[in-house]
Ligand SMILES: NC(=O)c1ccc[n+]([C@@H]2O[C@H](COP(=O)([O-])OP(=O)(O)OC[C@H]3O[C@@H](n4cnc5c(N)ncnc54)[C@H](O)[C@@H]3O)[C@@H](O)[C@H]2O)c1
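Shown next as structure tokens: one chain only, the form predicted alone.
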Amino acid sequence: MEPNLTGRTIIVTGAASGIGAATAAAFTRLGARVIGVDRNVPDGSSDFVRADLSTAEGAAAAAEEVRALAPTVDGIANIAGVPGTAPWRTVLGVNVLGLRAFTEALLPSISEGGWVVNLASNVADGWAARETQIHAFLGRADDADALTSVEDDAEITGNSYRFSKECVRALTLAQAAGTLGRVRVNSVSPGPVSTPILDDFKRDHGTAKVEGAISLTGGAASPEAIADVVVFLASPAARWVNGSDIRVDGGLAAHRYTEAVQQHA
């Protein structure tokens, strides 16, 4: 049974296209008031904040505009993100630092029993292997200093999208622990999704690899398939799901794991 979200106010970043647009549409269909946040204007959005989430200043300004529209909200779906074809500073700025600043600014405005869902990725499955680098990056008090601290690390700058989503996985755990008993925080990790930036992912990760993954699972996911899981995490049915990551990749990770085990048997 779908939840009735009438009377709820939900923020969706990246609401102008792709997974963000599908998520905003799903919440609207279920009766919620959706405040969209994006650098582009969504179609048919009455509550919208144009924002540049690539900097802490931009994220703080967006949060202030959101509070002016709704002093109290019920949840945040952090869907906004850029692919690894963008400059690495932009990737880390939007996908990690902007997400963190925006969420932290609005956490006090989330009603008790509310939620946050962060968009991670199945490319971040190995995030624990880079815990040291992740926590060193996230532990910098100043965003500019954080970016400077990794500029000579080719493993990070050359794989900025993967590293950004690994940071999202770690951030999700930290945010869940920091709001325990008041706000639930989870993440969703898609595989390939049919969005306007799918070709960017092919250029970043390799066309053969991405198209091979799509072939294995019988196609790329629709944005709506990912949005449905975000809606689930926002619903009362997920009331005891906190600090978790849900992989939504059609079984791709299961295939890769099983294949690796068989190769080493």
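Keep in mind the model is a prediction, meaning the values are calculated, not measured. In case it trips you up, residue 1 is the first one in the sequence shown, and so on.
Only in words, not in the display: the form predicted in complex with this ligand, which the text now covers.
Mapping the unseen interface onto this chain, G206 falls outside it, with no heavy atom inside 4.5 Å of this ligand in the predicted complex.
Residue contact with this ligand in the predicted complex: D52 places a heavy atom within 4.5 Å of it. In the predicted complex, this ligand lies within 4.5 Å of some heavy atom of S121.
Taking the partner from the other structure, this ligand in the predicted complex has a heavy atom within 4.5 Å of a heavy atom of T195. Look at 177-185, 126-134, 113-121, 142-150: in the predicted complex, residues with non-hydrogen atoms within 4.5 angstroms of this ligand sit in 113-121. Taken together, the three residues F27, G36 and L233 lack any non-hydrogen atom within 4.5 angstroms of this ligand in the predicted complex. Along 247-265, no residue reaches a heavy atom to within 4.5 Å of this ligand in the predicted complex.
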